[in-house]
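Heads up, the chain below is alone and in the form predicted on its own; it's given as structure tokens.
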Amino acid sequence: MEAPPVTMMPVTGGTINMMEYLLQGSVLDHSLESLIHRLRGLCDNMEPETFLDHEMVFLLKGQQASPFVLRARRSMDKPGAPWHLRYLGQPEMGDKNRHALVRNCVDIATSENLTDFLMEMGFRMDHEFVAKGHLFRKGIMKIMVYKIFRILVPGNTESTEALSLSYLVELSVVAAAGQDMVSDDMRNFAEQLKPLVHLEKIDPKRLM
């Protein structure tokens, strides 16, 4: 799966602060085709990209109360594609005027020995899963419709079962900090997907 755009500018005297704007929802399996049909009419690519990814979530426990979390993802259907390492910050839920969840985001392509490197750094794998689905694009917006599969035998991505009878739907934009107007465009797009799917600003802490 293609990663969100990542700036390649050299960093001097500070970091380049990229933010992910996110809306989420879900559809039952029997509604999938209706949603795909609607997205074909709304998005830039009538035929969506497909992806089959294996993701591993790594934790590093330190002095802080909550562990540091990194995500390693590889494509299972595109041989030779780079691995991706992703960091997602805590969501900024304070501003009620924002129509999307906002969180810091770092996504970089890496070599295939990423997991070995993380283990050497002291991380341990917390859980893993397979994600299979469709990717649409509308301007800078990315719409992912995918199902999550539980891995039954650790490390064996051939042995899986669906986690639920529904598909996750995510509408996201990766942009520089302060570009809050993109959440207005996201809200307007999400309105066009109703009543097939209701995309909302969901606080991950509520799901724990």
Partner chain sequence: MQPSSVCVILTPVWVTNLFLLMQREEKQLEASLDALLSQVADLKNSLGGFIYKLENEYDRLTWPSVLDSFALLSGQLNTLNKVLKHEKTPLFRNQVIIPLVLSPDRDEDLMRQTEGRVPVFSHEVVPDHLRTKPDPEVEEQEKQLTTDAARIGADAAQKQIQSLNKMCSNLLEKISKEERESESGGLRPNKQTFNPADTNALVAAVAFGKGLSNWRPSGSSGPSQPGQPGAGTILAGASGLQQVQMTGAPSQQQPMLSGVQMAQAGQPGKMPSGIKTNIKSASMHPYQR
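Residue numbers count along the first chain shown, from 1. Note that this is a predicted model, so its numbers are computed, not measured.
Keep in mind that the form predicted together with the partner chain is missing from the display, and what follows is about it.
Using a 4.5 Å cutoff between non-hydrogen atoms, Gln192 counts as a contact of the partner chain in the predicted bound form. Taking non-hydrogen atoms only, Glu161 approaches the partner chain to within 4.5 angstroms in the predicted bound form.
Shown alone here, Ser166 lies within 4.5 Å of the partner chain in the predicted bound form, counting heavy atoms only. In the predicted bound form, no heavy atom of Asp107 sits within 4.5 Å of the partner chain. A heavy atom within 4.5 Å of the partner chain in the predicted bound form is found for one listed residue only; from Val174, Val145, Ile148, Val182, this is Ile148. Proximity to the partner chain in the predicted bound form, defined as a heavy atom within 4.5 Å, singles out one entry of Lys138, His99, Arg74, His134, which is Lys138. Residues of 30 to 46 placing a heavy atom within 4.5 Å of the partner chain in the predicted bound form, in sequence order: His30, Ser31, Ser34, His37, Arg38, Gly41, Leu42.
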